[in-house]
Structure formats: structure tokens, C-alpha cells
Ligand code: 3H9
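The chain that follows stands alone, in the form predicted alone, written as C-alpha cells.
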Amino acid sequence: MALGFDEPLRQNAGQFYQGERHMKGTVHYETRDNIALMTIDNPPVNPLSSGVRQGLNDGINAALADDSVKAIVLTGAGRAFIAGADISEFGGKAEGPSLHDCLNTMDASSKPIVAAINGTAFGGGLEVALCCHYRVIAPSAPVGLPEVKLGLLPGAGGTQRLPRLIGAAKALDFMITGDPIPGPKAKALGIVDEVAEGDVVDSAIAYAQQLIANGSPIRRIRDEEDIVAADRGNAEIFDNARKTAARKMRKRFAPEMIVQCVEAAVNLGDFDAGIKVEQESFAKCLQHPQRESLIHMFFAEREVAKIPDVPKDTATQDIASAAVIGCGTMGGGIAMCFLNVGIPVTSLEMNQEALDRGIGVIKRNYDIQVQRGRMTAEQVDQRMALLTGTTDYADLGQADVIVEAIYENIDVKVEAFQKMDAVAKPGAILASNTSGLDVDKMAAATKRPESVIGLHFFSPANVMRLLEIVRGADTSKETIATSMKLGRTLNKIAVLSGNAPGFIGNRMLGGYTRQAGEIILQGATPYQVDNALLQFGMPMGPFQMNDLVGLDLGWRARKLGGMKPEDVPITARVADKLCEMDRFGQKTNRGFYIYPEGSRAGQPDPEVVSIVEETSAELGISRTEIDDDEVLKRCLYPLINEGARILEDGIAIRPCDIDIVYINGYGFPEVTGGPMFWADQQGLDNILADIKRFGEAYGGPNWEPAPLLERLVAEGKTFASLQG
């Protein structure tokens, strides 16, 4: 045990510490008049490690044994109250008391316990606060139950206490989204009792003194039934929660478990019976494969920020102003990214008409947010006041970063970089939003190649989280470090890529779309292919995506390029036939699908199936039945194979970088952990065998095994073994 209670308790400078070296964290104990103050100390964010749990248990018992102590205040050292469980302990044998043991000790306390929430209280940290009898919070302290994002649920009474405190509907929304809220909102929601004015510990001690003076009863949330009793019999609460989960957390297992736990809290009417349901549901989540995938993503998001040859202490520039060349769909969205975080933007267009149109679209996008209640009109005015329009390159001269967002033509982009270089101030970063063109060729058009980098935003830029940062041969470490930091400032997940055609994401995408095009000619329909990928968890299938982007883009490029019909790739033949019929996709309400006026939900069209079959016959391709399993493998395995080549070529630093790119930029389902993590789960030997089998059956570059994939299989290793 950490500290034997037959020993004198050290007050005012005492500490309940981990007596054994393998126990992590500690809880400091002191008394202030008649209040016992316990401070959790487990840097940097005070997770509920073994030593913390031991200290909590011992500290509560010590306060209960001291007749001079009338109440207990619990807080955290540093910037966190308790940031949650210690993930490193998952799946292992826990040392010391369990969290449930600690909470039972708190529940049984005959003296009031007040949580002084000084900083982050996430997951188990908030559950500890909910087990306290009262809660005082610092205005800036965020609270949340984000377990759902790791494939888990609040497993320390959170699903039972929170509905009793704020009602089932609010509790479900809070737990299913997993998003944190600040102190004042937590007070408005009813999660905390008071928002501190001044020091939160002083406020909590004063609050505890008032409780003592008033003879206030101990308020155990577990014993409160009035609020959940009012929810009893209201099935609509749970129907709505399931609909929200299906829309926002597609294919996830944990949300349904959360709903079932809250149903138990409402309908069973007994806290201990509800806790049993919570523990059983938590165990199901813990054993579910999604949990491992989502925890992989949690750590991967942090890993991608580390660049091996760019030290953490590399000097960075302050980005206090930006310029964006082009104010179309991409340029306008990129400008909004800067405006949203308070960075002034100068937007350049080729003429005043295009500029006015682009700025008008930005304003309309913000106005829509006001209509949806996500912004105020005042906030829109503040952001629009940061935006300046121009048609003159000279007006970009004071920007710290200039991003060109003009269409994908290398000659046009090279010309833009020459103009940027001529007006940009010394030290300014010159960036391209290209989705796959040669960054080095653009850098060569300037006198400062060390300051040139790719900043590939994904459309819509103001919504999508991914920022693919592309280093050129001469890009300096300072430019890379500044760009990665800028990504964080813009609330993006930044992933560094090497300079190669298509970079990471689009280079891998080619095989995916090519296979979809081949599969429909060989026997499947576009609707079968899309449905197979939708069932896997993709947000849309390749033909739905083609309709969204516009079939006419590739068709017009081929016509403008003078490509003869017989030279059009066979995988584009069907799309080109549809374009000849003015079926360009959603923009014309007809493409691979039919879109009723005003609807984005496409309906299958038998005429398209006939066109596909006709095209197969023209190409001399015999159609055979292709099952969904083959559809899935033939679309996804080229991603894996090309991902292996990208790793081998050094374009991506780690397999998890590819996972982050594909989940955040291309909609690969989070619950799989990303394409490379998913491949490991399928077994690389199985994937390689299928690649060879498809190569024998169909031929083509997609089915030439990547040397790295063959080597890993031969050595019995996984992509995860490359993480280092």
C-alpha cells in the first residue's frame, strides 16, 4: 500500500504517493482549516493511473478519519483536473484499487466532497467529478466524455450519473458526440454547480465552507431519481439518439452501447442494476475490434506531427497575415480557413467580376452558418472585415504566406509563382494548393526554393480536416516546421508528404477508381460497386463521387486535349457516353444516377446499366457475376499495394500517415483504423495472395505486388512493424 495509516499523517505538506515504483502518479494531501485539499499530480494531464487511484482512495479515508476535517476539496495540479483514464493500462492487470473502488469510497463518504475543476476533465476525470457531491469549475476548464471516439463508453458510472443530473436526452447528446464544452456551458447544462470567480480552489473551499455553515445535505447523484423518472416511457428520446448516432457516427458500435446504458439508467430505476449494464456494455466495447482501430487513430493523429529530420525546436515564423490567389471554390474555402482563426487575408482574382463573385460566395457561406445557429451576425462581420480583395499581385507583398489556388495546370502555376516571388517579402512562404503537380517545378520558378511548399487543402477547404503538406527538394526545415504549425493553427490535421505525382492521397486513389471502372465492365453495376463500398463504411461510392465532382471535368479535358475516342481509357468510356447525353452528374440532375429536382440522393437508372452492358460488348468483354467480396477487395487492395510503394519510396514517413490521410481526406472509415492498419488486420499474406490471384485473372499494373509488401509477408511482419 502507498502509505500505511498506522503512520502519522503528514498534513499541510503531506502526500499519498506510490510506494511501489511501477505505480504512476500521486495525490497530495493538506488541510486548510477544516477542509482537506487533495491535489492530483500525474504530469502532464493527470490521468487516472494506479498511483492516482491509490492516492484518491487513501486521501478520502484519511479525511474521513480526521474529526477536524468537515469537507473535502479535490483538484488537479497544472493544467488538468483529470484528463481521463490511463490508456496504457488498458488490457493489462491494474495495480492498486480500481477506479470503481475509488468511486465507491467517494460515494460512501459521510463528508461532502467538492470537485474544484481547474482544467481538463475528460472521460474518467469527469466521472470522478460526477461522483463528487458538488462541482465548481474554472471558466476556461473544458469537460467532456469523449470515450466514444476511442470506441468505448463512459465506464465509471458516467452513463448512469449524467442522465440523473441533466436528463437522458442531453446526456445522450453529450456522450454520443463526445465533444468537450467549457465551464459556463457545463453550468448552463447542469453538469456543474458553480463557475468560479478567481482561483477555482479558493472558490471551491469557500463553497465547501458555505455547505458546512448551511448544514447542506450530501448530494449523491446515484440516489437521485426524479429526472430519469420523468424520462421514463419516452421512447422518442432513444429513437432520436439512435438516429443521431447513425448520421454522425456511422458504422460505430459504441454509440448503441451508450444508448442501451442510458435506457437502463432511465428504465431500471436502480443505480446498481444500471452500473451492471454499463460494465457489461463497456466490456463489449473493449473487446470489439473498433476499439483497437480507434485507439490507433488517436495515437496516429499525434504521431504524424513528428518529422524525423525536423527537430521539435526548429525555429518557426509567425503567420499573422495571408494571401490567397484565386477566389473560386478552393480559394474561397482556403481564405475562410484563415479568417476563421482571425488571420487577415488578401484574396486575389483575375478581374473585379470574379473577385466580387468569390467574396459573395464566402459571405453567403457564413450567412448559412448564421441561419443554422452556428455563428452570429456579429461574428460574420468580424471575419469579413479581415478579408480584402484585389486584382493586383503587388497587394500581396506584406503577406506572411501566399497560397495559390488556381486550376491544375503546371504552366499556369509556374507563372503564378514567378509573380508571387516578384512581390513577396523576404521570408514569406510561397505555397501551392496543387493536388498532385510538381512542387519542385514551381519552386524552380522562384529565387527562394527553400520557402516553397505544397499546402494541399481538401474540398471544401473550410470543412475538411486534412492538410497534405508537400516538401520539395529544397524546402527548408523552417518552412516545413512553420507549415506544420500553421496546420494546427487552422485546426487541421497536417500530414507531410514527399513530392511525387499525386503525393500520398491521389497517388493511391488511381487504382481504386480504375478498378471500379473495370469491375462494371466485367459484370457488376455501378450501384453494386457503390453499395459494397457504402456497406464497408465509405461515405459514398466511386460513382456517387463521380456524379458529385462532375463527369464533365475529365470528359472536357480529354476533348480539349484532342484525345481520339479510341484512345480514351476503357474505364472512362461509360462516363464519356453519359456526358455525350448531357448527363454530367448532380449539376444536371443526371449522371450515373438520377437526381430528382432539388435532391442530392441519387436513384439508380436502368438506362445506365444498359449503357454499361453495351460498352462491355463493344470492347469484347464477357460479363460474369462478381460478388461483393471481390468488388471490395479489387477496389481496396490497390490502395494497400500503392501505399506500400509510397512507403518504400519515402513519400509517406510512416504507415499511420497514410491512415490519417485516407480517413480525413478520402472518407476511409475510421472504425477500420485506416487502409494500412486495416490491411494488417486482414493479414498481409492474405492480401498478397489475392493480389497475385487478381493479377493472373485480370492483369494490369494494379496487380503487380509492391516489393515492400512481398518482403513484409516473407518476413512475417506487418505495416505496423515499420512505425519505429
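Between two forms, the rigid core is defined as the largest C-alpha subset superposing within 1.5 Å. All of these numbers come straight from a predicted model, not from anything done at the bench. Quick note: we count residues from 1 along the sequence shown, nothing fancier.
Not on display, but discussed next: the form predicted together with (S)-3-Hydroxyhexanoyl-CoA (3H9).
J.: Tell me which stretch of 378 to 386, 567 to 575, 593 to 601, 145 to 153 has a heavy atom within 4.5 angstroms of (S)-3-Hydroxyhexanoyl-CoA (3H9) in the predicted complex.
T.: In short, 145 to 153.
J.: Please state whether all three residues L99, T120 and F282 have a non-hydrogen atom within 4.5 angstroms of (S)-3-Hydroxyhexanoyl-CoA (3H9) in the predicted complex.
T.: Each of the three qualifies.
J.: What is the one choice in G505, G487, P255, G84 with a heavy atom within 4.5 Å of (S)-3-Hydroxyhexanoyl-CoA (3H9) in the predicted complex?
T.: Flagged contact: G84.
J.: Please pick, from F298, F238, Y393, F536, the one residue with any non-hydrogen atom lying within 4.5 angstroms of (S)-3-Hydroxyhexanoyl-CoA (3H9) in the predicted complex.
T.: Only one listed residue qualifies here, and that residue is F298.
J.: Residue-level question: is G683 within 4.5 Å of (S)-3-Hydroxyhexanoyl-CoA (3H9) in the predicted complex, judged on heavy atoms?
T.: G683: no contact with (S)-3-Hydroxyhexanoyl-CoA (3H9) in the predicted complex.
J.: Taking any heavy atom pair closer than or equal to 4.5 Å as contact, tell me whether D530 reaches (S)-3-Hydroxyhexanoyl-CoA (3H9) in the predicted complex.
T.: Although (S)-3-Hydroxyhexanoyl-CoA (3H9) is absent here, D530 would stay clear of it in the predicted complex, with no heavy atoms inside 4.5 Å.
J.: Should E127 be classed as touching (S)-3-Hydroxyhexanoyl-CoA (3H9) in the predicted complex when contacts are defined as heavy atoms within 4.5 Å?
T.: E127: yes, in contact with (S)-3-Hydroxyhexanoyl-CoA (3H9) in the predicted complex.
J.: Examine V45 and determine whether its closest non-hydrogen atom to (S)-3-Hydroxyhexanoyl-CoA (3H9) in the predicted complex is within 4.5 angstroms.
T.: V45 belongs to the contact set for (S)-3-Hydroxyhexanoyl-CoA (3H9).
J.: Does V495 show a Cα shift reaching 2 Å between this form and the one not shown after rigid-core superposition?
T.: Comparing forms between this form and the one not shown, the V495 CA shifts below 2 Å.
J.: Can a Cα shift of no less than 2 Å be assigned to D101 between this form and the one not shown, given superposition on the rigid core?
T.: The answer is yes; the displacement is at least 2 Å.
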